[in-house]
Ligand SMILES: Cc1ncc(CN)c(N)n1
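There is one chain below, alone, in structure tokens, taken in the form predicted alone.
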């Protein structure tokens, strides 16, 4: 009964918040990376931004089928039909996102057809593909989905805060993920993840935590790649 009580207490506060406190150093590394801070303080190397733009376009094209796989898992495993609507809203926005990347790349003179995925990007895309396996539980997949979206929301919101010196030509990029609407969407995903994590067996809980950490590690490596650091 002791263990059950602890789990119920954690569910009330939310497992995600518990993990964010536990892993605050790597979460901070993913959401306050030097690349993001360079955008916020106006010192960003625009060549680094163009690298990020081309690489992230490739990533988003791999992210779309991952989101589709999460939708299928929700359809099969979810105990709440509204989960599918939240995930569908994310899928719908990806079409606009891909169109945005194409138009932004044209603006910056980035030839997307010539962009070759770098190792950090290849590794991240392979990781996404591994999560699409039917063997991966919905709870694990939705936790990863939330984390991927939340890192971008927190990172780019930082560049919109009062006192930031984000270059005018990058403000639209920061608003795309840093806006309040996207923040509310991330909160909806977090609520789904917390609900699932609050009632999942311990072995799946462990898998979800490990997966969360791997997402954060991949995010740091992706920023490193864009920033030009090892």
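Numbering follows the first chain given and starts at 1. All figures in this text were calculated on a predicted structure; none of them were measured in a lab.
Beyond what is shown, the protein has a form predicted in complex with the ligand; the following relates to that form.
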| task | Please overlay the site onto where the ligand binds in the predicted bound form and tell me whether the pocket on the shown chain stays open or is blocked (3 or more ligand atoms within 2.4 angstroms of backbone or C-beta atoms). | result | open
| Since exactly one of 27, 66, 49, 177 fits, which has a heavy atom within 4.5 Å of the ligand in the predicted bound form? | 177
| One residue of 204, 170, 37, 60 in contact with the ligand, assessed in the predicted bound form (non-hydrogen atom, 4.5 angstroms) | 60
| query | Is it true that 70, 83 and 138 each have at least one non-hydrogen atom within 4.5 Å of the ligand in the predicted bound form? | reply | no
| field | Option from 51 to 59, 38 to 46, 194 to 202, 159 to 167 whose residues, in the predicted bound form, bring a heavy atom within 4.5 Å of the ligand | value | 51 to 59
| said: Within 4.5 Å, heavy atoms only: does residue 104 come near the ligand in the predicted bound form? | reply: no
| task | Give a yes/no on whether residue 148 approaches the ligand to within 4.5 Å in the predicted bound form, heavy atoms considered. | result | yes
| message | Contact with the ligand in the predicted bound form for residue 19, defined as at least one heavy atom pair within 4.5 Å: yes or no? | response | no
| note | Those residues of 33 to 47 with a non-hydrogen atom no more than 4.5 Å from the ligand in the predicted bound form are none
